[in-house]
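This document opens with one chain alone, in structure tokens, the form predicted alone.
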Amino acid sequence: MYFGLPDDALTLRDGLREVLTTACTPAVIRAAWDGDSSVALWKTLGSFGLPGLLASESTGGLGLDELSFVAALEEAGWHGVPGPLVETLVSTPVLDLPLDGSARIAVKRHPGPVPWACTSTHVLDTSNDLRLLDVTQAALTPVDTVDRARQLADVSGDGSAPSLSSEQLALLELRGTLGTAAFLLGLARRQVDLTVAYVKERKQFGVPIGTFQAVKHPLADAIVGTEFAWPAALRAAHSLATGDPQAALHVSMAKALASEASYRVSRVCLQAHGAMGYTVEYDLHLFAKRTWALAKDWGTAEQHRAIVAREIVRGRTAL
């Protein structure tokens, strides 16, 4: 079976690319590192309709499926969109919050610091008793993180108890995992683009360093990993969109491959830049550090491989 993007997903991706080219520059990401909530960017995303991508048309959303979802998030990853984009997109279909970009929803899945808490308007706590907290009425204690744009914080407060079924929570978890995988692959693609441009210009011994086997072969090998991961993400998106009973397995396969491939890309790209790559002022770090953080978010590669392994042992799937 061919797993590809339909025309409406491609149109959405191309439109989003046009918007983000001017709305989400490296300067916007760096501002997020300094604590900016990117309100202007999110207002633009709201005008585009992105926060309501998965929400039904009857509630003011776009009513699109997971194939459009991964197309949009892969593109958002390339641009390094700061803020809880994945979390907001998967939460808005089940929460009664605005879809105009004014609501930015962080998700607390486990005890401990919450990614994006300091730049969000709400925190959906699914780690214990289900709660929705308004950040203005919660206590936040910022926590240092490798990707400063993520603005982690310990969050405490009472909040309200949204009425969500176990099926809705399970779907939110699967969509969040898949969306993070797609975002990671977008980050990887951006790092490759930056690196290819650099190794074409940087010269050693009178020739571009991109002509050296020690540079181009590791880069090519790393890219192969992303080329295998993207079809897995499309398969998982198709499975969720069509209600495939093995959708959870396919999502785990996609996240495992995306986490490993994107992390490898970031390491190879960093090395190809030499000393230039180790300066945080260089744009590569805006995307590499997000990769390092997201590769372990919504389940590590090891955790998702364990899920796949258990299913194989049980004989429930034929890969």
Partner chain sequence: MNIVVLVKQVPDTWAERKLNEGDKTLDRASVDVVMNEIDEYAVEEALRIKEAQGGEVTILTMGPERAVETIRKALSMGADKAVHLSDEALKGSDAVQTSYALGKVLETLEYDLVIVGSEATDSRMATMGALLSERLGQPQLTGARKVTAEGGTVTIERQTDDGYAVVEASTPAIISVMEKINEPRYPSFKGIMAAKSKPLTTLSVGDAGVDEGQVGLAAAPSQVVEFSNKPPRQAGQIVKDEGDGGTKIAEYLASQKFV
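A quick note: this is a predicted structure, and the numbers were derived from the prediction, not measured. Positions refer to the first chain, counted from 1.
We do not show the form predicted in complex with the partner chain, though everything after this point is about it.
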Original post:
Could you tell me if Phe48 has a non-hydrogen atom within 4.5 Å of the partner chain in the predicted bound form?
Top reply: yes
Original post:
Is the gap between Thr44 and the partner chain in the predicted bound form 4.5 Å or less for some heavy atom pair?
Top reply: yes
Subject >> Gly277: touches the partner chain in the predicted bound form, heavy atom cutoff 4.5 angstroms >> reply: no
Subject >> Interface membership of Leu270, the partner chain in the predicted bound form, 4.5 Å heavy atom rule >> reply: no
Original post:
in the predicted bound form, do Leu12, Glu18 and Gly60 all reach within 4.5 Å of the partner chain through at least one heavy atom apiece?
Top reply: yes
**OP:** State the residue from Leu284, Leu294, Leu64, Ala256 whose non-hydrogen atoms include one within 4.5 Å of the partner chain in the predicted bound form.
**Re:** Leu64
